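One chain is shown next in structure tokens, namely the form predicted on its own.
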């Protein structure tokens, strides 16, 4: 009987971990392909030429809207660039932007949600007021105003715009978790020994919230990548670098969908969807991994 129980438990763990491993494996494979391709082909703006008859003469002109072939698996775009190389660089830049957004949003949310809560008093009230203001602040009008003021928007600038409005919900969630842990026995023991509130938050509470902070980070990654694509589609994204959102924006501007250039507009949409789906899958796996009740089910 004991052997049977052990076997069933082992089978359940394998079943759970197989889902997690598949999600992480696919995500790592996607990243490896993107980053390796970006290193092998470092120049996404390289324009390929072809002989074209113009005014009765053969001239070397950009190979615009080239059909997919062995040399150009995704064809060439409206500028004569290899669309596959552009896609790899766009996916890499979108991931880097999402990672930047996740890092800073998680840091801000942790600082405001954990340290402020433990410190209490005026600091906690001030952090709560700031969080509430950013929660109700009209994001889209403010982004339009910023876009009109900053004509040349780099990835860094757009990432800062996204960070400004993406951290408040995480700060509220982390604050709720900290308030729950604040009443635990190990925290009371630390208070009795005379440890300051800030040190308790950093040394005692935050280590017990690593799993939750990892979940917040994964969500922020997907928000950063998805929101960049969304604001780029309405013309408020970055203007100096290639991203998945910028590729979709160019497809809208140059009527790729209407003209039937599916090899130009579909790949960035597919890669963007893969990013979001894989982040959601990893987030769900981590929720089950860190929650014993769900793991038992």
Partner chain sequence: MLVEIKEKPEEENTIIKVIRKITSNAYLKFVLKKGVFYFVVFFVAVSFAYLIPRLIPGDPLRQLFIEPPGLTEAQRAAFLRKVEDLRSYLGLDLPPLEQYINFWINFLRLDFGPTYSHYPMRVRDYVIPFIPYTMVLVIPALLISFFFGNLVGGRLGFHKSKKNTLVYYLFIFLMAAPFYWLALIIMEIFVHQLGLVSYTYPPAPSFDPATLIRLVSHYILPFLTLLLTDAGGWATGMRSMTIHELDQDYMWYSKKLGFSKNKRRQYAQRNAILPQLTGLNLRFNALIGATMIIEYVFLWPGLGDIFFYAATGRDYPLIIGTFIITIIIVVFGNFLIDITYGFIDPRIRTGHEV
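Everything numeric in this text was worked out from a predicted model, so none of it was measured. Under this definition, the rigid core comprises the largest set of C-alpha atoms superposing within 1.5 Å between the forms. Positions refer to the first chain, counted from 1.
There is another form of the same protein, the form predicted together with its partner chain; it is not shown, and what comes next is about it.
Q. Of these, 214, 115, 146, 84, which has a heavy atom no more than 4.5 Å from its partner chain in the predicted bound form?
A. Exactly one residue meets the criterion: 146.
Q | Contacting member of 70, 40, 258, 58, with respect to its partner chain in the predicted bound form [4.5 Å, heavy atom] | A | The residue in contact is 258.
Discussion item. When its partner chain is placed as it is in the predicted bound form, are 96, 123 and 210 each within 4.5 Å of it, taking any non-hydrogen atom of the residue?
Written reply: Looking in the predicted bound form, the three residues 96, 123 and 210 all stay beyond 4.5 Å of its partner chain (heavy atoms).
Counting only heavy atoms and a 4.5 Å cutoff, which of 228-236, 42-50, 29-37, 58-66 contacts its partner chain in the predicted bound form? Comparing against its partner chain in the predicted bound form, the contact stretch is 228-236.
Exercise for review: Check whether residue 242 has any heavy atom within 4.5 Å of a heavy atom of its partner chain in the predicted bound form, and answer yes or no.
Suggested key: Answer no; every heavy atom of residue 242 is more than 4.5 Å from its partner chain in the predicted bound form.
Check your understanding: With a 4.5 Å heavy atom cut-off, would you call residue 277 a contact of its partner chain in the predicted bound form?
Key -> Within the cut-off, so yes.
Is it the case that residue 172, even though its partner is missing from this view, gets within 4.5 Å of its partner chain in the predicted bound form, heavy atoms only? Yes.
**Item:** residue 134, heavy atom within 4.5 angstroms of its partner chain in the predicted bound form
**Value:** Although its partner chain is absent here, residue 134 would touch it in the predicted bound form, with heavy atoms inside 4.5 Å.
Checklist entry - When you overlay the rigid core, is the Cα of residue 72 off by 2 Å or more between this form and the one not shown? => result No; residue 72 is a residue whose C-alpha shifts by less than 2 Å between this form and the one not shown when the cores are overlaid.
Notebook entry, point to check: Is residue 95 one of the residues whose C-alpha moves 2 Å or more between this form and the one not shown after the core fit?
Noted result: No, its C-alpha moves less than 2 Å.
Quiz item: Core-aligned, does residue 226 move its Cα 2 Å or more between this form and the one not shown?
Solution: After core superposition, the displacement of the residue 226 C-alpha between this form and the one not shown stays below 2 Å, so no.
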